[in-house]
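Just one chain is shown here, as structure tokens, and it is the form predicted on its own.
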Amino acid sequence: MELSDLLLRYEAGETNFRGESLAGTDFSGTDLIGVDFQECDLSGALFVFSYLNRANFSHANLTKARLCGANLSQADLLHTNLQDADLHGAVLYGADLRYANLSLANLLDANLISTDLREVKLAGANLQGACLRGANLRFERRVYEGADLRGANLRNADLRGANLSGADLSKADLRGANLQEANLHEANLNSANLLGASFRGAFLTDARLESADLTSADLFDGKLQRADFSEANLTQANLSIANLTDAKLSRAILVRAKLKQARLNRADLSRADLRWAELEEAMLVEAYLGRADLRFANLTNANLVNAETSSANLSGATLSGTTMADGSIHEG
């Protein structure tokens, strides 16, 4: 179909172009609000700055299509193939992207507020600076698998309140990302780069963060129960008042980390590096600190009742008012 014919029919009120072959067509700057492109071949098509609000691209092929600056708010992109597509600056507010393939897609500075991204494939996608506030990427057992964001670039992305439960973010770049109040229950963040990321008030219960880089990350008031931080780098991270009950922190680096009033009951801190860590009023009841390095750490008024500290290095640590493993209060 020629573009001119399609536009004439659209102007006349026709919106159903389902199944048409439109590969490589240049739709740039066109107004196609509410158009039906279900199952169309639109590979390599150009939609730069087009108006595609509430358009239906379900099951369409948009591989390598260019949608820079396009408005796709509330569009239906269910099962759409957007692999290697360019969506730089596109508006996808409230769009339905369930089961879509966005592998290697460019979503730099894209607006993904309140989008439905369940079961989406985003492996290797560029989401740097994208806004995903309130986006739904949650895992639902027996219904949706977690979103695939392996190796994705989410640097400085806005993910406040996003539902990333069960998502695979292994080796993703989340430097400087805002994940405040986000739900990352059972998410996989193994070897992810989380340097300077904000997880204030976020839910990371049962999450996997082995070997992740959380240098200077903000996890203030984080819900981190049973999370696995084994061999993670948490240098200068803020974990004040965070709940790390039953967390795994074996061999984690927590040098100069802020853990004031943190709950570390039954946490595994074996061989963890806690030099100069701030642990004032922290709860470490029954924590396992075998071979942990606590030199020069501040444990003022901390509670270590029944903690395993016999092989921990406490040289130079501040223990004023600390409740020791045997229940005694340390003086001085």
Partner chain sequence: METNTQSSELRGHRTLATVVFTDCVGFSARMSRDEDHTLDLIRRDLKLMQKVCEKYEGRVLKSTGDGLLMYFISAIRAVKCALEIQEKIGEATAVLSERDSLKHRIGVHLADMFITDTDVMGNGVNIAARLQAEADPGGIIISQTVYDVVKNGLQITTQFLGPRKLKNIDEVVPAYKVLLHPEEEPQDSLGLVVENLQNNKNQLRIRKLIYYACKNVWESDTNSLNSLDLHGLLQDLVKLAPNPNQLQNFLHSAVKTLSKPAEYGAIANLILAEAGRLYPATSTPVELDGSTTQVTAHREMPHVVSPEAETLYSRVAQTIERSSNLSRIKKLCYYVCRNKWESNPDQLNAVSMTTLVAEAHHLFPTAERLQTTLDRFVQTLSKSAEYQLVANTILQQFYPLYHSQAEAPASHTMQSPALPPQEPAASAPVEPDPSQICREVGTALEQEQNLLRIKKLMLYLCDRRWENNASALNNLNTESLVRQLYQIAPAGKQLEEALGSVVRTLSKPAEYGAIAHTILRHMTPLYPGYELPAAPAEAPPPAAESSVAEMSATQPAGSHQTPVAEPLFSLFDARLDIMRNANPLCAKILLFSALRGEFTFSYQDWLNLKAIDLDGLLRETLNQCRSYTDLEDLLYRAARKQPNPDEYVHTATRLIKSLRFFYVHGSIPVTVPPLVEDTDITPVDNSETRMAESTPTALQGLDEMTCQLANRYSNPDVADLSGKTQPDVPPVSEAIATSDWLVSSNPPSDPGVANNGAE
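Just so you know, these numbers come straight off a predicted model, no measurement behind them. Numbering follows the first chain given and starts at 1.
What comes next is about the form predicted together with its partner chain, which does not appear here.
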| item | value |
| --- | --- |
| Interface segment, criterion being heavy atoms within 4.5 Å of its partner chain in the predicted complex, picked from 247 to 255, 197 to 205, 227 to 235, 115 to 123 | 197 to 205 |
| Candidate from 101, 136, 170, 106 lying within 4.5 Å of its partner chain in the predicted complex - any heavy atom | 106 |
| Candidate from 73, 190, 178, 81 lying within 4.5 Å of its partner chain in the predicted complex - any heavy atom | 178 |
| Its partner chain in the predicted complex reached by all of 88, 218 and 221, non-hydrogen atom within 4.5 Å | yes |
| Exercise: residue 68 in contact with its partner chain in the predicted complex, heavy atom 4.5 Å | yes |
| Contact label in the predicted complex: residue 129 to its partner chain, heavy atom within 4.5 Å | yes |
| Residue 157 within 4.5 Å of its partner chain in the predicted complex, heavy atoms | yes |
| 4.5 Å heavy atom contact, residue 276 and its partner chain in the predicted complex | no |
